[in-house]
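So this first bit is one chain, no partners, the form predicted alone, shown in structure tokens.
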């Protein structure tokens, strides 16, 4: 596993300005995410979770403050293919097979020859799709499409994985299955992960720490360490400790009027 994925968010604020008003989306967010840590950003709709994730990934510039990833700027980390992105929409090319969708970033960036990039066949096996490499997106379920998107994000062997509600469009049964599949995949090399969610159960299941953001503007309302043993299983969700963590997070959210 690569080193240098420590994320430092220092006094980050973000304003969006229109002709009629200025919206403060994030206000003075400071946070450190350690190498190999799985951190969930949890908060009500419109609190700036996705905006913060995009700032970490260099897709959006902060108005104030800054972010470093292993001591470098997000743009530099992005240029070195240290960042992998998974969004709610898998955005697969419908005319390419699952295997070819995974290969796409390798084709687009032929000059990048990262020693850490695993073979496509290995990625298909990692996400449990070794028998479906020749299938087209229209032949795959929503959960399978997201597995392809995850494999594609891992194609360069990034040290930091940024995930923006990747299971949000799935039905509840598939969503629950996918979060445990993600845990299985993450356990294989424990990359640093920043994961946006509005699901309390998902946050408790996945996280080492949950960062709760307040309603607009987004501020760090609280940080909850999730000290549940790994590997985590669905049976844990009925345990007292799991329920206590979920209740703690719900109280933090309700203090802001959010529903999680």
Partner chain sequence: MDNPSMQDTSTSVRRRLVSAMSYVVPPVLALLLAGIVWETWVRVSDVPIYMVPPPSEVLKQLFWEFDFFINEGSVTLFEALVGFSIGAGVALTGAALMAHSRFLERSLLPLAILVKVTPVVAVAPLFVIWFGFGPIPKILITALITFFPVLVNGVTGFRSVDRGSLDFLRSLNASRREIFLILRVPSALPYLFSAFRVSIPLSVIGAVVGEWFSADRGLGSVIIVAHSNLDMVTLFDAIFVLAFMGVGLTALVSVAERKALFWHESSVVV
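Quick caveat, the model's predicted, so the values are computed rather than measured. Numbering follows the first chain given and starts at 1.
A second form of this protein, the form predicted together with its partner chain, is not displayed here; the remarks below concern that form.
_Under a 4.5 angstroms heavy atom criterion, identify the one residue in 142, 128, 105, 168 near its partner chain in the predicted bound form._
Answer to the contact question: 105.
*Decide whether residue 91 counts as a contact residue for its partner chain in the predicted bound form under a heavy atom distance cut-off of 4.5 Å.*
Contact check for residue 91: yes, within 4.5 Å of its partner chain in the predicted bound form.
*Answer with yes or no whether residue 54 is in contact with its partner chain in the predicted bound form, where contact means some heavy atom within 4.5 Å.*
So residue 54 counts as contacting its partner chain.
*Any of the heavy atoms of residue 186 lying within 4.5 Å of its partner chain in the predicted bound form?*
No, no contact at 4.5 Å.
_Proximity of residue 175 to its partner chain in the predicted bound form, heavy atoms at 4.5 Å_ = Judged by the heavy-atom cut-off of 4.5 Å, residue 175 is well away from its partner chain in the predicted bound form.
_At 4.5 Å, heavy atom to heavy atom, what parts of 21-45 sit next to its partner chain in the predicted bound form? List them in sequence order, or say none._
Sequence-ordered list is empty.
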